[in-house]
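Listed next as structure tokens is one chain, alone, in the form predicted on its own.
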């Protein structure tokens, strides 16, 4: 794959993660445990959607086929998406949602911190905004992990179950294929393997302080770098893309 195509795929990876995570969090609108958290989840979803719009718009420009961010969001099938598998999994209960948010936001905080120094000026500019949002998402989920992990027996059980469910998807966050490695070597992308020990250093003390045991996982789920996903992505796209598929090129 050429550098041009590798960059296009990388931008889809960055945009798709924001898009799918934003859609998942949007499902909590009017379903939050308390009104304040209901509004918070909605605003966090909007952060992800805004990031997705920026990266997918740039992806369309790099592709050079006249496709917009809307085209890339609503006119691709499952095998053309490159978001991490953890992003598309169902929310579960509120504790599960916070467990996933801690895992993902801590990773994205480190990722966008690294991308702020990208030699690609557009990526660096988007990352500079995204890193501030990711830091807030991280702090929000960290504080909830403390409250749930050190709360009641029930809240602790639910939080532990959340990490047990999602931990097998953490290995994929740090996978590097040939295209990602080439971009990292050129100073455009981030070396995800370097981020893994940083991520563990960031997350492990929070889990310990929340009385959460790190799950013992023998096998990590993977596939998204090649466009292979869980069954849940298809269900998300059937909802998210329905209007465009039912009324192609409809205009308001």
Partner chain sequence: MNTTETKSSFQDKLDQDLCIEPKDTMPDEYRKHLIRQISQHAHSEVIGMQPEGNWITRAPSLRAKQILLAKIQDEGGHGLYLYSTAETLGISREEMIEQLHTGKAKYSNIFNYPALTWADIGAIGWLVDGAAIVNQVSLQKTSYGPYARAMVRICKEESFHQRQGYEIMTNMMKGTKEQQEMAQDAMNRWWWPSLMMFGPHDSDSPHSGNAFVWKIKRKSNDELRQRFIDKTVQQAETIGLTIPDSDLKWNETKNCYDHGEINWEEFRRVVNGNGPCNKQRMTHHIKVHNEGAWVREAAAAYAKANAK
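All values derive from a computational prediction rather than experimental measurement. Residue numbers count along the first chain shown, from 1.
A second form of this protein, the form predicted together with its partner chain, is not displayed here; the remarks below concern that form.
Q: Considering its partner chain in the model of the complex, find the one stretch among 218-226, 195-203, 48-56, 181-189 with heavy atoms no farther than 4.5 Å from it.
A: Contact criterion met by 48-56 only.
Q: Answer with yes or no whether residue 19 is in contact with its partner chain in the model of the complex, where contact means some heavy atom within 4.5 Å.
A: The answer is yes: residue 19 has a heavy atom within 4.5 Å of its partner chain.
Q: Should residue 135 be classed as touching its partner chain in the model of the complex when contacts are defined as heavy atoms within 4.5 Å?
A: No, residue 135 is distant from the partner.
Q: Evaluate residue 161 for contact with its partner chain in the model of the complex, applying a 4.5 angstroms cut-off between non-hydrogen atoms, and reply yes or no.
A: Answer no; every heavy atom of residue 161 is more than 4.5 Å from its partner chain in the model of the complex.
Q: Is residue 93 part of the interface with its partner chain in the model of the complex - any heavy atom within 4.5 Å?
A: Because a heavy atom of residue 93 falls inside 4.5 Å of its partner chain in the model of the complex, the answer is yes.
Q: Which pick from 167, 146, 82, 174 sits with a heavy atom within 4.5 Å of its partner chain in the model of the complex?
A: Result of the distance check: 146.
Q: For a quick check, can you give me the residues of 189-227 that have a heavy atom within 4.5 Å of its partner chain in the model of the complex?
A: Contacts from 189-227: none.
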